[in-house]
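First, one chain by itself in structure tokens, the form predicted alone.
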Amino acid sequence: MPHKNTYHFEFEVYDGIENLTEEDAWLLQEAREVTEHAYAPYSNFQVGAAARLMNGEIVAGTNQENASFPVGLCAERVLLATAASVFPKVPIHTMAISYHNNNGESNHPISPCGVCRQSLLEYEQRVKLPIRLILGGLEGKVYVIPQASMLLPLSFTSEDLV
């Protein structure tokens, strides 16, 4: 007889950026501002990510679209590649992700896509520390998730390759 398992995680919900700590509010504001540098001529959906590394450095990334759609990159993966290249082996403490939807509202948190969730999980495993996420639009509610890997239950990892 099969048994049921439950996957459950908790995250914090804030009414707005003004309710965050000063440090978290600053990082989310950086993510909001960096959306201006996104290259999103096809979707008009500009995403920005900013991260505070464990050594105190700040790294940012934006989505980079391409006419050949599969070639585009999400802001989260641009940030992860930059952090790993410029500051190898330095863990990310917190990553804030925001967006500007030029075709509609930007007033609620969005979550990383599946590819980015996998990449965040792999980064956490590589540096052996969780990445705290702050998710919010240009206004409205903000989510704080204690560990990026919580977004990818039953994940595929390097342990599956041995």
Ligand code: THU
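In this text the structure is predicted, and so the values were computed from the model without any measurement. One rule holds for the numbers: they count along the sequence shown, beginning at 1.
FYI, the form predicted together with the named molecule isn't displayed, but the following is about it.
Undergrad: Thinking of the named molecule in the model of the complex, which stretch from 42-50, 124-132, 101-109, 23-31 has heavy atoms inside 4.5 Å of it?
TA: The contacting stretch here is 42-50.
Undergrad: Just to confirm, Cys113 within 4.5 Å of the named molecule in the model of the complex by heavy atoms?
TA: Output for Cys113 is yes: heavy atoms within 4.5 Å of the named molecule.
Undergrad: Indicate whether the named molecule has at least one heavy atom within 4.5 Å of a heavy atom of Ala83 in the model of the complex.
TA: Flag for Ala83 set to no.
Undergrad: Heavy atoms within 4.5 Å of the named molecule in the model of the complex: does Leu79 have any?
TA: Residue-level check for Leu79: no, no contact with the named molecule.
Undergrad: Applying a 4.5 Å heavy atom distance criterion, does Ile92 contact the named molecule in the model of the complex?
TA: The answer is no: Ile92 has no heavy atom within 4.5 Å of the named molecule.
Undergrad: Does any residue in 54-81 get within 4.5 Å of the named molecule in the model of the complex, counting heavy atoms only, and if so which ones?
TA: Contacts from 54-81: Asn63, Glu65, Cys74, Ala75, Glu76.
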